[in-house]
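First, one chain by itself in structure tokens, the form predicted alone.
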Amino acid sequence: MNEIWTEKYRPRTLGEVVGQKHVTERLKAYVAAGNMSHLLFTGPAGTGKTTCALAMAKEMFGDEWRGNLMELNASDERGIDVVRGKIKEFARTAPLGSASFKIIFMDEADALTSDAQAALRRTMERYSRICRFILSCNYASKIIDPIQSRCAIFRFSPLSHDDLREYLERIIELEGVDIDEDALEGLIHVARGDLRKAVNALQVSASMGRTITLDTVYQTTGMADPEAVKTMLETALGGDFFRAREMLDSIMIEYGLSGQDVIRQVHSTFFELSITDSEKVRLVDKTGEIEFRIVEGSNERIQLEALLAYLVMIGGGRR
């Protein structure tokens, strides 16, 4: 049966988790003690928050882990009724087997409404003897202070280049994937520390049934070739607005990018240009303004061309 590789190769134990050594060592101590406090996992997507929660539950409860773990996604169930109903009902019942407590894992907890978080705080207090919570979020600042103060906070960081490479190489070997060295480096660059994104991109690229090249990686991940973006910006700085405009057309059509996709890549490419720091500051400021206009519904094509025109003017002032 064909499986999604992110699930097929998801680590089953804390020892198998890629990176995050500072987190897994502390979680292993909880497992060894057979006890834990409420936990708050915070950090970017694809860094192992859900994997660590599931692995910890499996090691803590053994074969009884399914009956003693409730997994919820707060993006789907974010209202106060869920806290007062489903969560409270599970929290108040006794754990199964020899376990002394159960675990409720709430993913994307920063999507909970303020009322739901207030109700959750009370539930965490009242049933802490037989139920512990693991909350996962991208932004801890969106979790109210009373909940944060009741949790041990674990901060997950983007995975390093070496960790991503080691994990991807293992999947490539097991799946018999044919991939160029440049394409593998491209996958790691595109992922930016997000392991889930890297594995999904690898599977999509491999499904095309041929050797994975760098161009294949960019086309399947919704990113343009960074060199093409850089050349477009340098062309605009050189004063050739119409040639830069043609290159923008080519990038958006060939890679199927939206205005927001392009503006994100343009922003990261500014720092690679041979311009002064003050010019980079001005460009970042202008890019932020244009990105805001696009998000608010302005015509993305007009805004991107306005950015190229601004680059032409900056380049003209340097000549």
Partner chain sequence: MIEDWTEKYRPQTLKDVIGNPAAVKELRAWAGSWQSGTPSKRAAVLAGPPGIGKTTSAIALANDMGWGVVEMNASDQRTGSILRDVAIKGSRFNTFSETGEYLDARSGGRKLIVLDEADNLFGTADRGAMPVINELIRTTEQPVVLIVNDLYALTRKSAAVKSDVLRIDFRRPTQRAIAAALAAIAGKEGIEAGPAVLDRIAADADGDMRAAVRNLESLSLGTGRITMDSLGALGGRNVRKDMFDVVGAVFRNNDHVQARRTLMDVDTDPENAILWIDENLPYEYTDPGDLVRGYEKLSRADIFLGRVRRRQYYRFWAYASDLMTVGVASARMNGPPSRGRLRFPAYLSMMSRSRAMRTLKRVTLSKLAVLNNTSARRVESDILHYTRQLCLQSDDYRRMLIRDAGLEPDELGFLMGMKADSKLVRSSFEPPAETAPAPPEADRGPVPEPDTQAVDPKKSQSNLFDF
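Between two forms, the rigid core is the largest collection of C-alphas that superpose within 1.5 Å. Numbering follows the first chain given and starts at 1. Here the structure is a predicted model, which is why all the values come from computation and not from measurement.
One more form of this protein, predicted together with its partner chain, exists but is not displayed; see below.
- Checking L257, C52, M36, L69 for any heavy atom within 4.5 Å of its partner chain in the model of the complex turns up a single hit: M36.
- A heavy atom within 4.5 Å of its partner chain in the model of the complex is found for exactly one of T235, Q219, T123, S136: T123.
- Contact with its partner chain in the model of the complex holds for all three of A118, I130 and D277, each having a heavy atom within 4.5 Å.
- Annotated contact segment (heavy atom within 4.5 Å of its partner chain in the model of the complex): 139 to 147, selected among 223 to 231, 175 to 183, 139 to 147, 208 to 216.
- Residue contact check for V295: one or more of its heavy atoms lie within 4.5 Å of its partner chain in the model of the complex.
- Under a 4.5 angstroms non-hydrogen atom cutoff, its partner chain in the model of the complex lacks S250 among its neighbouring residues.
- In the model of the complex, no heavy atom of R245 sits within 4.5 Å of its partner chain.
- In the model of the complex, none of the heavy atoms of E64 sits within 4.5 Å of a heavy atom of its partner chain.
- Of the residues in 17 to 35, those that come within 4.5 Å of its partner chain in the model of the complex through at least one heavy atom are, in sequence order, H22, R26, A29, Y30, A33, G34, N35.
- Annotation for G297: C-alpha shift of 2 angstroms or more between this form and the one not shown, rigid core superposed.
- After superposing the rigid core, the C-alpha of E64 moves by less than 2 Å between this form and the one not shown.
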